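In the structure tokens that follow, a single protein chain appears in two forms: structure 1, then structure 2.
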Structure 1
């Protein structure tokens, strides 16, 4: 870490700062320039409060030289992590196709979708039992009963299940869940992350709507620092000024996360775009950008054909996407 001191800093101020930094177990190398003084801080700078340092009167600016995340950092763990979840693997060349409905609605629905997506090549089943909704008046998911139906669908198809947790107090209900999802809104719910770090479950960690890639990796670090290294990162769109799509899918996140970290990265084109007719293009693009997996909403609702147009694909559309994705993976 490098701190640049302002022109006009007195020797006493400099000394004061240096003593304070040394108390934090850092070596401080001083280079005096004509205009500025540069302090090079060596040691475990991941514990340094960069915002505080930055805001000191005498400090012009602060620059990290090394990333603040360690266990998630590829520099210290060059090999790709492979996360296992039931019969499925992801990362290090293993590709995960995660598909299923937005919410679990009934046994019939979840089992039918599970069978259909398995047929088309899905390797995991997704489905929401606890749903984060902007409005308190909207349907909040089936809750524990939804988890039970997911388990049924798993028994029927053998597909490992992925579902979201919203509250640490419900953790014991997730015993038979293979991958616990942390939603975008909870990406910085640090107490939840710490508790999940104490389990051995695979965790699918979604990027927050306004979070940088470094913050995503710091949230992974929260889980890892408690001992759980089974983390799958997920790009699902960020909030920008563009309103045509629900969010802006930041596909450069995929090569960047691969560069910075050894953890597998999946992409969720359904939530990122909010429009089923864009899912196929963006799924293909994510795979071409190097994604280790996809997460796609698929709905099977012959009685309510209306919903075919939602962000969810029909099983037939999913089958088509699945085939295109395979073609691209073979080409690369």
Structure 2
């Protein structure tokens, strides 16, 4: 349920109403705009007397929110959320270029890639220390050592780091990580989501391989329900009957998510296509569709990468993509 307050409502009147609502065991989320203030009510709103609430002098209107996601809903929070991660911002007009290798392989590799992508305009560095792999025999990442090397690359370049968590038990290792990524396979790991909600870290939440947009937003709701509103949604392609590409990139998800939610949305054309030669086109298409950022895999030697080399760009190719993206954003 949302209550829209009349223009001219004083802070004292607003606070008095909020306290009254809280006494009815409701969580109240306040969204302040230039012309209007919206109170988002979360909890058992069936007990709220809508007629009484509507009759209050300071209340313009009251509406029930039919969607199951509440705090992630744009109706609760009309203005775009801006997520801050270190020196980077995303959402509300701020655009993020997140780039780096699928997995951290060595100090030389991650530092070299970090320097190259920063020079080409990247605002965040991605790199996997813990890797979820379909095969138990594939490279699983360097673990804590990989996190240490990411921190070294951050010290060298100043780029905030984005890396994936796989298990609640490793959360304490992510103290120096700026953005914790929840991968597609963990999108509905609800225990993990609730724990991440108790932190203040920015969370990059990837859509699952076969999940609807509502399910993605409900996963974001799990995090937000615990108090963490610093969430970035990520469209990374879904599984369809098409086998030519690794996944099918759902470009329509970008404007739909912006319509439904105030959270920033990024696109991952690397995992969506699985082929480096297709990344540039899909990255540009995602920007044209309104993405708040891109997440692109870059490796200094893709042919010998220990993970996902086929979809990784070289630093030179990433530089070309960055220039094309800037041109599209300027045109828009």
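Positions refer to the first chain, counted from 1. Each form is matched to the other, and the largest set of C-alpha atoms that superpose within 1.5 Å is called the rigid core. In this text, all values refer to a predicted model and were calculated from it rather than measured experimentally.
- Note that the form predicted on its own is the one shown as structure 2, not structure 1.
- Panel note: of 49, 139, 65, 169, the residue at the hinge between moving rigid parts between structure 1 and structure 2 is 65; all others are over 12 positions away.
- Rigid-body analysis between structure 1 and structure 2: the smaller part rotates 143° against the larger, C-alpha superposition.
- Once the core is aligned between structure 1 and structure 2, the alpha carbon position of residue 45 differs by 7.9 Å; this is the C-alpha shift at that site.
- A C-alpha shift of 30.8 Å is found for residue 18 between structure 1 and structure 2, based on superposition of the rigid core.
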